[in-house]
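One chain comes next, on its own, written out as structure tokens in the form predicted alone.
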């Protein structure tokens, strides 16, 4: 029969979170050239879900400007996910979220996750959950009382991911081509 110390150590080892195959840090302006292709890749994925999300020819330039403005914005959270081991210092994912005021609702401040993207090799390993947890904490630290995720309505993968973590639809945006 194991001693109490050994049992306690084994229980503690079981309760420790698994090690992540990424390192998450705030994005810097120097990261923009590496983040642009990831953001454009996400937008091209969105295009597959709905033709109204057709990616513009100048998407890379737009991504560069959005990232530059967001990194400089104190109301934004921009995170770079770096691989570990063989991918050490290689950016393999990104998060972009913002703080918004809610003039008619309580809580008065919401954190909105606009983009979460990981290269396919890093998916389905608990990394998305980790990104969501860390992003939520960063948004809460900036004053958010609720966290919202925005993604294409036809993206069933994102819908299931967020629903599994307690998110539910609260606002619907509908569109049609002109």
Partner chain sequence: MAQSAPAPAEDDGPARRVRRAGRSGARREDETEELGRRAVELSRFYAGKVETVPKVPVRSLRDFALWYTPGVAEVSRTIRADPDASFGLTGRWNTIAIVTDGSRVLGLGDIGPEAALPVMEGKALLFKWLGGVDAVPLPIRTRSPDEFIATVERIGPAFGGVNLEDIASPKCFGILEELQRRLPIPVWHDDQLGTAAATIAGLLNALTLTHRNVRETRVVLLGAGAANIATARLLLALGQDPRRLTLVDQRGVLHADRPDLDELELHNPWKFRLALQTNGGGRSGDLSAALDGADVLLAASTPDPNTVRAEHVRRMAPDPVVFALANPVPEIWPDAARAAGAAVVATGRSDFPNQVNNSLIFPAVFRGILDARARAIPDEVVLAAARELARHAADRGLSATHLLPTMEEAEVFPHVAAAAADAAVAKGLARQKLTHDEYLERARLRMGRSARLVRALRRSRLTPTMPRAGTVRHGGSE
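Since this is a predicted model, take the numbers as computed values, not measurements. Numbering follows the first chain given and starts at 1.
In what follows, reference is made to the form predicted in complex with the partner chain, a form of this protein that is not presented.
Proximity to the partner chain in the predicted bound form, defined as a heavy atom within 4.5 Å, singles out one entry of 55, 45, 36, 148, which is 45. Within 4.5 Å of any heavy atom of the partner chain in the predicted bound form lies no heavy atom of residue 130. Though the partner is left out of this view, residue 120 does reach within 4.5 Å of the partner chain in the predicted bound form, counting heavy atoms only. Contact check for residue 41: a heavy atom falls within 4.5 Å of the partner chain in the predicted bound form. In the predicted bound form, the partner chain sits beyond 4.5 Å of every heavy atom of residue 159. Considering the partner chain in the predicted bound form, the lone stretch of 105 to 113, 136 to 144, 25 to 33, 149 to 157 in range is 149 to 157 [heavy atom distance within 4.5 Å].
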